[in-house]
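In structure tokens, one chain follows: the form predicted on its own.
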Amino acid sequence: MSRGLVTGLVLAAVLAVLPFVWPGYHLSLLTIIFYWIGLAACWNLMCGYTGYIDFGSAAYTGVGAYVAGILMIRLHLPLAVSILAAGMGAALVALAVGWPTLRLRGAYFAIATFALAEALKQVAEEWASLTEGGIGMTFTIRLDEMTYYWLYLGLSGLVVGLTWWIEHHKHGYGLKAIHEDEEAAAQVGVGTHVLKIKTYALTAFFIGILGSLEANRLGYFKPDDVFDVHITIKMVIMSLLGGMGTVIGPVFGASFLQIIEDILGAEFINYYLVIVGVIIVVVIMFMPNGVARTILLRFKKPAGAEK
């Protein structure tokens, strides 16, 4: 049995036992960590591998929340159907937005995506007859905390596993080629634009599902909550801390940042954000490639070391 398989089985066993060993507060913390791992892994799959920096990912958490909210609250559809439709709605928006904007590069793409999130927030605030505007929407049907734990664990594991699979197949090679030199990639036959759109829509699908589940878990949301730019910023920071363009990077980054925020937020409630900011700066200064990539490079044996 390979070492990787043994490690995976042990990790799966630990994660299966943890909810029963750490109920209550710790269960909620683990649930939130898996939520952020899922979001950061989605952002990393699109942006870490292509180099296209998206500052509007919160648009898809918002779309997912409102699609699920409207379907459940107004049309009384089941939760499972509403959550799936939320992901599909986010993917459709991503397709419509990505077709023109993914032809842009650098700061132009980042600004365009940021404007999208802000525009959708204004639509949600003004279209009160559909979205309740600034009053917000309240879910009448919610799940128990243990169920959210398993859903977030499953979704985050699925996105991380999908990232691993993509990285080792033709799709991933194309994304890396785009990151290195998009024009050269196109010249050798990589369908760069279609590849970017497919990846963008795929990640938006999962972000929409996660956004809808989180809105349902909290029970109440309004435009400022689900279209908050800080959601995107947190995805970016988590990916940077862990290591952009790596499978395990978002897992390290999301876990590290969320645990640090939780500990410092309880002990230093008035100025913990300053401490978190300093920690982030220090990590980026001394580990510019991210925690995960730095560790992998340190333990990777140089070529020719073994004969």
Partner chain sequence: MLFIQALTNGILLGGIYALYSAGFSLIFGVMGVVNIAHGEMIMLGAFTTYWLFEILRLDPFTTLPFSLFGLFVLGYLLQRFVINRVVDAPPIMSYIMTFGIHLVLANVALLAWTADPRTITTSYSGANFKLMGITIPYIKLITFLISLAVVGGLYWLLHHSRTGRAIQATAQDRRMARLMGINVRQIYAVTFGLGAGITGMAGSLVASFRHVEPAMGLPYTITAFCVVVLGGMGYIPGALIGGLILGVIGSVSTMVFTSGWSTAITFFLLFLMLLFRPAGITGRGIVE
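Positions refer to the first chain, counted from 1. Just so it is clear, the structure is predicted and the values come from calculations on it, not from any experiment. For clarity, a rigid core is taken as the largest C-alpha set superposing within 1.5 Å between two forms.
Although it is not shown, the form predicted together with its partner chain is what the next lines describe.
Checking Y220, W150, W164, W99 against its partner chain in the predicted bound form, a heavy atom within 4.5 Å turns up for just one residue: W99. Only one of the listed residues (L45, I37, V67, L240) places a non-hydrogen atom within 4.5 angstroms of its partner chain in the predicted bound form, and that residue is L240. A residue is said to contact a partner when one of its heavy atoms sits within 4.5 Å of a partner heavy atom; M244 meets this definition for its partner chain in the predicted bound form. The closest heavy atom approach of A107 to its partner chain in the predicted bound form falls within 4.5 Å. Using a 4.5 angstroms threshold between heavy atoms, V10 stays clear of its partner chain in the predicted bound form. In the predicted bound form, its partner chain lies farther than 4.5 Å from every heavy atom of L71. Just one listed stretch, out of 116-124, 71-79, 210-218, 142-150, contacts its partner chain in the predicted bound form at the 4.5 Å heavy atom level, and that stretch is 116-124.
In the core-superposed comparison between this form and the one not shown, the C-alpha atom of A107 has shifted by at least 2 angstroms.
The Cα-Cα distance between I280 and C47 is shortened by 3 Å or more in the predicted bound form relative to the form shown here. In the predicted bound form, the separation between the C-alpha atoms of V276 and I237 shrinks by 3 Å or more relative to the displayed form.
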